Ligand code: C5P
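This document opens with one chain alone, in structure tokens, the form predicted alone.
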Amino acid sequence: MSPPELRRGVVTIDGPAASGKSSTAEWVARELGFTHVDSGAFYRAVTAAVLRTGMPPGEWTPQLVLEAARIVSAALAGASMVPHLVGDPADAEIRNPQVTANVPRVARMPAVRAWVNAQVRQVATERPIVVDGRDMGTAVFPEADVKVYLVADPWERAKRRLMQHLRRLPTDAEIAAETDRLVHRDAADATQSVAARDAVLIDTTHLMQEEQVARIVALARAALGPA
């Protein structure tokens, strides 16, 4: 059976961890009147679901994780499609440190990636979307109307992430430690986070977010024509 046909209007924004994909994608979606889908949130939701089972992470198998994922669903919240657990919003739970520490383990499982990708593609059959992740423009939407790949200096990415989490200016020592974590995460994600050959690369190291958004919105309008 062939996959369901996508609606016209798919913008993918990929890039490494802490490159600003999700916040930029959400803003672009608002500007275009599209729905934002954060694929990483679904990996987090699946991780939260399997953590609820109480099974130690070292014993997680793809079958166990997919069984746990049955409580994950997608629901529209404002302009974003977000995951719910047992029908309830779960943003705080999926952002907790235990989920953050274990989500790479879950995201590396091919069966789980296939499950998440199917959820994201289903949304795209129903409405135009701006979706962010690591392989949205390659594995999930090779036929996307617009593909963007965000890059930034690791130090700048680390600084931005810490400012978001700490809500203050981090020290150089804190940034150095976070940079080291991001570099190791980049290495672990290298096979999943690759720019599509036809993606537009945008280096955000010295760009304000408004500039990033404006560039992507312009690309989308040029590709899709007037709203």
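Keep in mind that what you see is a predicted model, and the values were worked out from it rather than measured. In case it trips you up, residue 1 is the first one in the sequence shown, and so on.
Just so it is clear, the following notes concern the form predicted together with the ligand, a form of the same protein that is not shown.
Of the heavy atoms in D189, some are within 4.5 Å of the ligand in the predicted complex. For the chain shown alone, R44 is a contact residue for the ligand in the predicted complex, at least one non-hydrogen atom being within 4.5 angstroms.
Taking the partner from the other structure, the ligand in the predicted complex has no heavy atom within 4.5 Å of any heavy atom of V146. At a distance threshold of 4.5 angstroms between non-hydrogen atoms, R134 is in contact with the ligand in the predicted complex. When the ligand is considered in the predicted complex, only one residue from V82, A79, V103, L85 comes within 4.5 Å through any heavy atom, namely V103.
When the ligand is considered in the predicted complex, only one residue from A107, L150, A90, A124 comes within 4.5 Å through any heavy atom, namely A107. Figure note: of the listed segments 56 to 64, 35 to 43, 194 to 202, 166 to 174, the one touching the ligand in the predicted complex, with heavy atoms no more than 4.5 Å away, is 35 to 43.
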